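First, one chain by itself in structure tokens, the form predicted alone.
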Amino acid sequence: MLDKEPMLSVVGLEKTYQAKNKPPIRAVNNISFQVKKGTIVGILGPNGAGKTTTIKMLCGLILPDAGAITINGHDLAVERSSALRSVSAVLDGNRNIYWRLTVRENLAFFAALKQRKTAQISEDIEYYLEFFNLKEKRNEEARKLSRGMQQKLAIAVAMIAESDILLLDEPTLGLDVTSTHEIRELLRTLVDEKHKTVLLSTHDMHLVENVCDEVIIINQGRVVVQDSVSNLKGIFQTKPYRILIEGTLSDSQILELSHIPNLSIEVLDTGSTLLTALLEEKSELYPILNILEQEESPVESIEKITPNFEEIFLAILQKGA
């Protein structure tokens, strides 16, 4: 990804809300980041972190108090039309579609709004109906579609504008498992085959882990870290190991194991015993195994656990990295 140029650049972005007779709320506090062309970048953060406000400023719905936004080489404050020509957005789920228009009518309407050439619109509508697996629903009103299909239609509407950058706010919110999986596959295909650039805000850790190339973690309106998903997975120098033992341990074994740092002992409902240890080196397993061997405690399995993204996210927030 190092050879890819920034498609979106944000420098020193700030936004404060001031309600009458209430103290000001700084939603975005000096945020800076870049999104490279042809990548999927996730904005991750707790509720109120500033994710949605940031997305809305990027697509021109909210004016920032300070900072600069450059989209495909165009300064949003100076060349607004040129900058926004490169952007399509899907905000708050599926609000960018008309409920009483059919699937095909929605695509035709929004393509016309973007002043697409009439001769090309029909061909593109057929392409996106096929691409998003909506052909059988082409004459169905949007309000009668399932939530997953509405979300796919919302993304299709954004795509038919032929924009290079797609901004998504919680694209899998409220979807069932099947629809969520379809959206994940769809986003990856849009980048890998259509060479689009995607910036999405989400609470879906699995979406970030399975789809995103990079992640921006923000908290209290500030960027905590921006890095690749693979690099963030490597932030833990220690690795968790799980050792499953048939039966229970003796008091002497429990006493000896209690002197080993970062090791917990849990007796399961099945009658087995689970040891969980955070180890920096594999060799640190041997003292544990020696204690088990002393009384011939049968080891059923030893498993090294790769930290999931939820654990990484929480660790970064706690450290305030």
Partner chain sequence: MNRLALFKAYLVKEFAIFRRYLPNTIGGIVTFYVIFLLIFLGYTGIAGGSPNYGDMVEDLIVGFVLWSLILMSYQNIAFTIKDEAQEGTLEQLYMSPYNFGWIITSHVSARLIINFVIIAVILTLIMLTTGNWLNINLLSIIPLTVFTLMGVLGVGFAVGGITLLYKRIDSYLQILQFAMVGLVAAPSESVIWLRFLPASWGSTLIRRVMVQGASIMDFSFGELSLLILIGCFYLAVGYGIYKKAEQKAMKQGILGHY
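It should be emphasised that the depicted structure is a prediction, and the values quoted were computed from it without experimental measurement. Residue numbers count along the first chain shown, from 1.
Below: the form predicted together with the partner chain, not depicted.
Only one segment in the set 291-299, 270-278, 253-261, 55-63 has residues whose heavy atoms sit within 4.5 Å of the partner chain in the model of the complex; it is 55-63. At a distance of at most 4.5 angstroms from the partner chain in the model of the complex, none of the three residues 213, 229 and 317 contributes a non-hydrogen atom.
By the criterion of a heavy atom within 4.5 Å, residue 80 is counted among the residues contacting the partner chain in the model of the complex.
Residue contact with the partner chain in the model of the complex: residue 183 places no heavy atom within 4.5 Å of it. Contact annotation for residue 164: none of its heavy atoms lies within 4.5 Å of the partner chain in the model of the complex. Interface membership of residue 220, defined by any non-hydrogen atom within 4.5 Å of the partner chain in the model of the complex, is ruled out. Just one of 192, 126, 246, 92 comes within 4.5 Å of the partner chain in the model of the complex, counting any heavy atom, and that one is 92. Contact with the partner chain in the model of the complex, judged by any heavy atom within 4.5 Å, is made by just one of 205, 149, 225, 84: 84.
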